[in-house]
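Okay, so we've got a single protein chain in two different forms coming up as structure tokens, structure 1 first and structure 2 after it.
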Structure 1
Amino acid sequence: MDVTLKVYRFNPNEDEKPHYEKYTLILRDDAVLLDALNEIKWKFDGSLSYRRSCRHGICGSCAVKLNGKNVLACKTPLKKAIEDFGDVLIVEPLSKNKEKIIKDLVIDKKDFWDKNKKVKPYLIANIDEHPEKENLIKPEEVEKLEDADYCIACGCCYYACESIRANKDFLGPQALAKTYRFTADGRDEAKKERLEFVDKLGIGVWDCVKCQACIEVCPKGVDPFTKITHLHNQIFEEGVAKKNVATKHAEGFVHSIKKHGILDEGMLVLYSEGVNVARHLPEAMEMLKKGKIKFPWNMPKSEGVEEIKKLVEISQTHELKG
């Protein structure tokens, strides 16, 4: 199989700016992206730098960007990649921020690990130092984790996150999914403390913009976005939620759906922000002209709104059985 790769190259100690090197390789039909990088390094250019270790999709160290999508190099078949992206495969680091580039495809992930550390990614429980048996999670409670424990901390979701791009303080999908991994674990004794931390405005769950990029790039199917929505629910269920624009927005969303069956965007902003809604008047006028928002007396109702109201109430009070 002929494979052509354009690989991002940049040595901050020697280069003024990044450039791309083109390599044409002949590889087995079952080769993965990591095989191609190894081929380049071992046969064409030993100066190419990239991370690799387990080769089994467990350590997460070989995460790179392939034609704009974050992937694990060891789990990405080249044949499928060519079908998806075309004849030329472009390989780049997870972040092209020059301050993060150590060399070529290797980046400094300190920001990622700092946030992982902040959420205390370990079980907090008062366990006998010399236990007579293991502190095992109950089989019926394992399902509640929803595979959050599959996270390998590769950083694919973190460096694809649109909220991170806009807000460097945001914890990010990996740290929040890791938080859920422990708030859903009946053995953990720090559930409220964890929820209070991720409830903070500016860093926590309320700053997720719901782009769902984390779902698309996670190589282990963790689905961080859904874990973040679970944390939203837990924050209310555990009485941790504080009265602020984020929680008012969540309440207003539910009220709107129960009342109209559809979202009343104008009233949602008014309910969420109160008197501060005045700062949005220019945007509101433009939305009004285009029919995006309605006056209260003209707000339509969805067909079957009473049924929708019942569904919302049921979903708020009934626990789904596995």
Structure 2
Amino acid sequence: MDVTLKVYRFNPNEDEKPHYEKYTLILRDDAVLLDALNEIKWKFDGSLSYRRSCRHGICGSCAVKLNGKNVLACKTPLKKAIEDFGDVLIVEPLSKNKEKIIKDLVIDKKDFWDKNKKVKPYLIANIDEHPEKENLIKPEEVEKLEDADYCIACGCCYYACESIRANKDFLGPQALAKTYRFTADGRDEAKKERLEFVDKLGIGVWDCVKCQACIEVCPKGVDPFTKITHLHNQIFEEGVAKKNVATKHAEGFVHSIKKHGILDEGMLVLYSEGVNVARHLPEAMEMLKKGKIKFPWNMPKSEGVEEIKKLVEISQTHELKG
């Protein structure tokens, strides 16, 4: 099989700016992206730098960007990649932020590891140091983790996260999925403490922009976004939720739906923001001028509103606080 790769090359100690090097290789039909990188390094240019170790999708070190998608090089068949992206495969580091590039495809993942560490990625419990038997949990309890324990910390999700792009303090999908891995584990005794830690504006669960990029890239099917949604729910269920614009916003949907069946968009913003709503005045004025704001007397209602109200009442899993 003929394969053409355009590989990102940058040595910050020598180069002024990055460039792309093109390589055309002949490889076996079942070759994966890592085979191609090895072939380049071993036969064409020994100076190419990238990370790899296990070659089995376990260590997470070989994560790179392939035509815009973060992947594990050792788990990505080239045949499929060509099918998905066409004849020229563009290989880049997970982040092209110049400060992060160590060399070529190798980046400094310190920010990622720091956040992983911040969420205390280990079981916290008072456990007998010399137990007589194993501390087993039932299969149903393992199911609750919903594969959150499969994370190999490759960073694919973190470096694809749209929220991180604009907010470097956000904990990001991996650290939040890791938090859920323990809040869902009945043996862990720090559930409340963990939820309190992630129930913070700026760094925590409320700052996920819901872009779904983390689900799309995760090579292990961890689905961090859904874990973040579970964390939101746990925060309310455990009574940990601090009153802020984000928690009020989530709650506000229930009020609005009960009243109108659909959202009262204007009132929802008012309810969420309280007095701070004034900051939206310029946009609100523009919207008003353009007939984009419904007044209370014109507020449309769902024709099924009575039914919807009843359904909300019988289906809600916990009470509203506000």
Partner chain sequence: MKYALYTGCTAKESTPELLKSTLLVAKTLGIEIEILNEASCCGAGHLQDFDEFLSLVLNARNICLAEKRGLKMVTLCNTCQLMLENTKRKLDSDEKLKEKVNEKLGELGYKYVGNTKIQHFLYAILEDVGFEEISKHIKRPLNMKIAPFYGCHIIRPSKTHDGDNLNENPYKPNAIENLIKVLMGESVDYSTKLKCCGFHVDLQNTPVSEKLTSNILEDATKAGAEAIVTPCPLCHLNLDVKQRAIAKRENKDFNIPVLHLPEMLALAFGYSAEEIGLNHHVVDVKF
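When a residue number appears, read it as a position in the sequence of structure 1, where counting begins at 1. If you superpose the two forms and keep the largest set of C-alpha atoms that fall within 1.5 Å, you have the rigid core. Predicted, not measured: the structure shown is a model, and the values here were computed from it.
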I need to confirm something. Of structure 1 and structure 2, which is the form predicted in complex with the partner chain? 2
Core-aligned C-alpha movement of E286 between the two structures, 2 Å or more: yes
Taking the rigid core as reference, does P12 move its C-alpha 2 Å or further between the two structures? no
Checking F44 here: with the core superposed, does its CA move 2 Å or more between the two structures? no
If the core is used for the superposition, what shift in Å does the C-alpha of V305 show between the two structures? 3.9
